[in-house]
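To begin, one chain is listed below as structure tokens, in the form predicted alone.
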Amino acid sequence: MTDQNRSSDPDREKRKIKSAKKMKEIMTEYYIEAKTAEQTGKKVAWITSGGPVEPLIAMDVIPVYPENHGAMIGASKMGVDLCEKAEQMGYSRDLCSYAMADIACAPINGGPIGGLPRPDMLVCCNNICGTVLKWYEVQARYFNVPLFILDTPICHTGFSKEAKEYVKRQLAEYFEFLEENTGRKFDFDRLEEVGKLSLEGQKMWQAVLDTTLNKPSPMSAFDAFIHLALIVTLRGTQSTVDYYKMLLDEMTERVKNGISAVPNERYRLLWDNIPIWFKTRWLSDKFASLDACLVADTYTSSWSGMMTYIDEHNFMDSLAETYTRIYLNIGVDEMAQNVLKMIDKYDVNGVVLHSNRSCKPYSLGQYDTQRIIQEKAGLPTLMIEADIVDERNFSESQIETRIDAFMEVVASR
């Protein structure tokens, strides 16, 4: 949205999501608790974004996510400086910019919140990518803390009995790792309670996302990128459930009162891949200026997709499948089928794919996905080549030209 568009939107303030203030309060309290954990006797574990967090919460260990920190670095436009610092440390620019920025932060307590809380242990699950293995090894050596690695086989075509048993054995080792590093017996009853809250939170999050089925949509994918924080960071807690209930009520009220995310929604789009964190506002305004609302995305919906495999009556037994069959650990064909289902569900007019040079597992099959979308859905697609944190890999003028051309095709249909 250009400055002229902004000034011509008298309802711009009304369009702001009021619940965001509460989310910031929750996240602030969370980081304060984590940064003062040593004083309160609590343990802190750094964990990958796709890792099983519920066992940590069941053992009263505070989970901290370096990937979330990377997103904050990108949104704060601190990515270039930190990535350059990592390069000076000897790391290649071709590596994931989340990893680069996080590794560079550790020695200097850098980043928008003055560095992450010091970990007592690290938990790494490779269901999102292989980079995390070396990334967490680097940080485990730097902080001299124990590291647990959970290996999940890629589910190219389903989930075999052998794969389930393989992951279940490792989960048993995970519980033992937590017992050893907390000095307490694992609380399996508490895990079931946390599992139920995790499932309820995921259901509430999906309900929030599904408010965009309304026309016009009360929120956009760019809003979802922001409000995703709790389902990632505090999944399995009552505060997450309560927050998404509040957010859902606000979205329902917006629908009732005709308050839309985009002033003149004419076109509905789907986003694929992680956000370009340092350009989310610019992209949101740009698409809005063309009367387009990104009403859904594969990234934020993946955090509720896990609930497909959760058994609320036996959470522990379903844990292996839940964390093995996440969106980034399935085959390209299944990914493409998910996109096609979302196209139909949200009734979109086009698809925007972010070819993210940092996240290889997410981006590797995108050109196949793009072809499948064009062949089976017959929709126009736009491939944006960029990065999640490193602004050096983004050309605003080129991407603006491509968006304009893409939207001309969408509008002509």
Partner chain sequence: MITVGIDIGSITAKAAILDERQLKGTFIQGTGYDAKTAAASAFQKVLDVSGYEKQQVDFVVATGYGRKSVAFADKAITEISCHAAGAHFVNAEVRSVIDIGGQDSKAMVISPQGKVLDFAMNDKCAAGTGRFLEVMARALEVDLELLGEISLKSNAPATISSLCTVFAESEVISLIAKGEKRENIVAGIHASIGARVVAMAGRLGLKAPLMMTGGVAKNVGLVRMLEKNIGMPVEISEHAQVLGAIGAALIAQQH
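From a predicted model like this one, the values you see are computed outputs, not experimental measurements. Numbering follows the first chain given and starts at 1.
What comes next is about the form predicted together with the partner chain, which does not appear here.
Heavy atoms of E385 reach within 4.5 Å of the partner chain in the predicted bound form, making it an interface residue.
Of the heavy atoms in A405, some are within 4.5 Å of the partner chain in the predicted bound form. Within 4.5 Å of some heavy atom of the partner chain in the predicted bound form lies at least one heavy atom of Q374. Of the heavy atoms in E25, none are within 4.5 Å of the partner chain in the predicted bound form. You can rule out all but one of 374-382, 48-56, 61-69, 29-37: in the predicted bound form, only 374-382 has residues with a heavy atom within 4.5 Å of the partner chain. Taking a 4.5 Å heavy atom cutoff to the partner chain in the predicted bound form, the contacting residues in 389-413 are N393, F394, S395, S397, Q398, E400, T401, R402, D404, A405, F406, E408, V409, S412, R413.
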